[in-house]
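The chain below stands alone and is given as structure tokens, in the form predicted on its own.
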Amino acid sequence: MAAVRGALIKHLRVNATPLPLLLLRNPKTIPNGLFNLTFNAIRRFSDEVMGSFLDKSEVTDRVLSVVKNFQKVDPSKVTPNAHLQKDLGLDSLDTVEVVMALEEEFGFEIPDNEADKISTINHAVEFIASHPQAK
């Protein structure tokens, strides 16, 4: 499979010359023939997504609120540095429920492989604040 992939990539490669950074930032200044090449060759976020990341302090406040409202948590122990299992006494199923509550709060699904990495409130805040679909 790797040999087929390598052969295919070898035949599909296109020689490209880098455009000046000014042209990449402002595609309207690119001559007509290059615009299509640049538009298709550059991967970038749409303007809607670029400005939609949530403020980290807002995310922190909302995550703390969700965790404090969880039934099995003593709200006085909830801090930004708290570990979900060690400090708050949650087991693995409780942690899954907290992640589900965070998904509901922020309006997007956290993939299982990322959810497994969330062991502290700070981990949750970092992941959510860096996710473009968080609302």
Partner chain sequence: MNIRCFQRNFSAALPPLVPLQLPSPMETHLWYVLPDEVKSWGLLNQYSELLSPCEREGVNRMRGDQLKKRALLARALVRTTIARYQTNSQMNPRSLKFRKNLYGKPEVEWRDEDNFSPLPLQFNLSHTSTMIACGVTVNVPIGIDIEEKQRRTKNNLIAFAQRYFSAYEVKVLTTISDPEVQRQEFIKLWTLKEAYVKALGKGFSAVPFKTFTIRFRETTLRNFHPPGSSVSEASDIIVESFDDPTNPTNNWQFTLLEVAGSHYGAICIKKDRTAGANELMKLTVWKTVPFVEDVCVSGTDAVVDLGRIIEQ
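Positions refer to the first chain, counted from 1. These numbers come from a predicted model, not from an experiment.
Unshown form predicted together with its partner chain; subsequent notes refer to it.
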Partner contact for residue 104 in the predicted bound form: its partner chain, 4.5 angstroms, heavy atom: yes
Contact flag, residue 70 vs its partner chain in the predicted bound form, heavy atom cut 4.5 Å: yes
Partner proximity in the predicted bound form: residue 58 to its partner chain, non-hydrogen atom cutoff 4.5 Å: no
Partner contact for residue 99 in the predicted bound form: its partner chain, 4.5 angstroms, heavy atom: yes
Partner contacts for 72-100, taking its partner chain in the predicted bound form and a 4.5 Å heavy atom cut-off: 72, 77, 83, 85, 86, 87, 88, 89, 91, 92, 93, 94, 96, 97, 99, 100
